[in-house]
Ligand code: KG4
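Listed next as structure tokens is one chain, alone, in the form predicted alone.
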């Protein structure tokens, strides 16, 4: 079995995955949303302290599996530096204590493998990753062949939802709150400009849209207007993604397409991507909603793949890094 640890942001999670069957034997996650919601976003130092408290409590429940562990996998990049180190430090301690190898996992690869928890992989795959920290399109041929073909030039898709929610005083995390508010709103009420609509670049940008929404919020007559603003924002934020993907598909025909990351749970986005793929007859892959956000099960699934390929990280080389090379 492989024990996996996730602490890249504000979720403390540990999982146990069976190497041969890919079956998830144990998975527990302790969310910090309540503690961070009063600040309207994640406070890194607070998150690190909460990880230091939560991870050991979860690890105690894993003790019955220790005798069967063959490796320990941990998110080592990207993420918040002060939170990543909590998981990496624990992973090193376990590896030394049980004399088992370490596997450093890229968090973004983990999101790709969230599609395959308790399943076999299906590659090649064009993947849209949308989360609080990243918005990018990747061509995935295998674990070791992942090419990023487009990414955000500034804010991410998920980050823009969090910031709009904060401007409205809704709380954190913003994605589910904006989605709920937008359900009863008029998506055409505010004619926000689709970012980079005239640019030939296959890239994303949300800073301008975020600013336009801020101005609309300042002009709102009442909180009731927020429904229309949220609906219009969600519509344009999604249209930006689909417009750029449509341009990309003119040169690269999608056969299998996936949406992953915390913001992939947005139902409006899922629906619009389905419409976009329909003329191409492309197969759409989606993670289960419970595995869209950060979790240790996806890290364990990557860990299994890396273990089978004997891709290990020496103890002295495993360091946490806030930036990814993908």
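Residue numbers count along the first chain shown, from 1. Since we're looking at a predicted model, the values are computed, not measured.
Separately, the form predicted together with this ligand exists; it is not shown, and the next lines address it.
The stretch from 260-268, 273-281, 66-74, 53-61 that comes within 4.5 Å of this ligand in the predicted bound form, counting heavy atoms only, is 260-268. At the 4.5 Å threshold, heavy atoms of residue 293 reach this ligand in the predicted bound form. At a distance threshold of 4.5 angstroms between non-hydrogen atoms, residue 159 is in contact with this ligand in the predicted bound form. The shortest heavy atom separation between residue 254 and this ligand in the predicted bound form exceeds 4.5 Å. Contact annotation: residue 107 falls within 4.5 Å of this ligand in the predicted bound form, judged by heavy atom distances. This chain is displayed alone, yet in the predicted bound form one of 185, 87, 195, 132 has a heavy atom within 4.5 Å of this ligand; that residue is 132.
Of the residues given (148, 152, 179, 242), 179 alone sits with a heavy atom within 4.5 Å of this ligand in the predicted bound form. In sequence order, 173, 174, 175, 176, 179 are the residues of 169-196 having a heavy atom within 4.5 Å of this ligand in the predicted bound form; the partner itself is omitted from this view.
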